[in-house]
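Shown here is one chain on its own, the form predicted alone, set out as structure tokens.
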Amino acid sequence: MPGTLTWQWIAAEARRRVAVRQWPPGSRIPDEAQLAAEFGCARATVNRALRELAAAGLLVRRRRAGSFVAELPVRKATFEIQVIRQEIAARGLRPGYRLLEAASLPVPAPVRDLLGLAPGTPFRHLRALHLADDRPFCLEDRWLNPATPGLEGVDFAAVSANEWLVRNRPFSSGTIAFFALAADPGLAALLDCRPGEALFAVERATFAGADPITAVRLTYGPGHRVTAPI
């Protein structure tokens, strides 16, 4: 056992006990005070570990009753928002970027519904093309809340909204969707493919509390593949 325990170590040990059926499905695990005494750590450290396991679907926490191993654990997928420039570089390709459009416009109805906005609400609309070895890689079509802190003065011709947001604007919740769409003539011209070819798209909306931050559609060229750990 490490000298200074972290919540990550405790979470890993709890996962092990569940996996080997030391804590079988449906069983009540020792309470936080008991685990803190066993591991020789602060109760807050145990609490953090159990909260993470409950969020992952491995434990069920019941007020005043304790924590139980889930009868049917639910595996929850998590997705990290990547900086597209770094994603391209990780493939061994040379990143490039080109801002196509930047304007303040009323948000269209589908995006308005996604973000919970009133009709006529103006947002910043940004369209940009990400390049890999000078070839089209991804079209970023984004609606950005103009009230976002720190936004004033940002030159989106020099840095993508994707990268600026990842580095400067943490979010507390969001939605994400993955789907295929056929390239219309405009997308085909931008992504250097044939009209009608299948493209991979991601639509994402993020919020800080109740405040919308952004809604974006990322459209990738033919053959794009996404992998994630489970």
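All residue numbers refer to positions in the sequence shown, first residue = 1. Heads up, when I say rigid core I mean the largest set of C-alphas that superpose within 1.5 Å between the two forms. What you see is a predicted model, and the numbers here were worked out from it, not measured in a lab.
The same protein also exists as the form predicted together with the DNA; that form is not shown, yet it is the one meant from here on.
The DNA in the model of the complex: contacting segment from 160-168, 197-205, 37-45, 183-191, heavy atom within 4.5 Å: After filtering at 4.5 Å, what remains is 37-45.
Does the DNA come within 4.5 Å of any heavy atom of Gly174 in the model of the complex? The answer is no: Gly174 has no heavy atom within 4.5 Å of the DNA.
Is Gly66 near the DNA? Define near as a heavy atom within 4.5 Å, in the model of the complex. So Gly66 counts as contacting the DNA.
Taking heavy atoms and a 4.5 Å limit, what residues of 181-204 are near the DNA in the model of the complex? Nothing in this stretch is in contact.
Once you overlay the rigid core, does the Cα of Leu35 travel 2 Å or further between this form and the one not shown? Yes: Leu35 shifts by at least 2 Å between this form and the one not shown.
Is_shifted Ala177 between this form and the one not shown (CA, 2 Å cut-off, rigid core): Shift of 2 Å or more: no.
State yes or no: after fitting on the rigid core, is the Cα displacement of Ala11 between this form and the one not shown at least 2 Å? It does shift by 2 Å or more.
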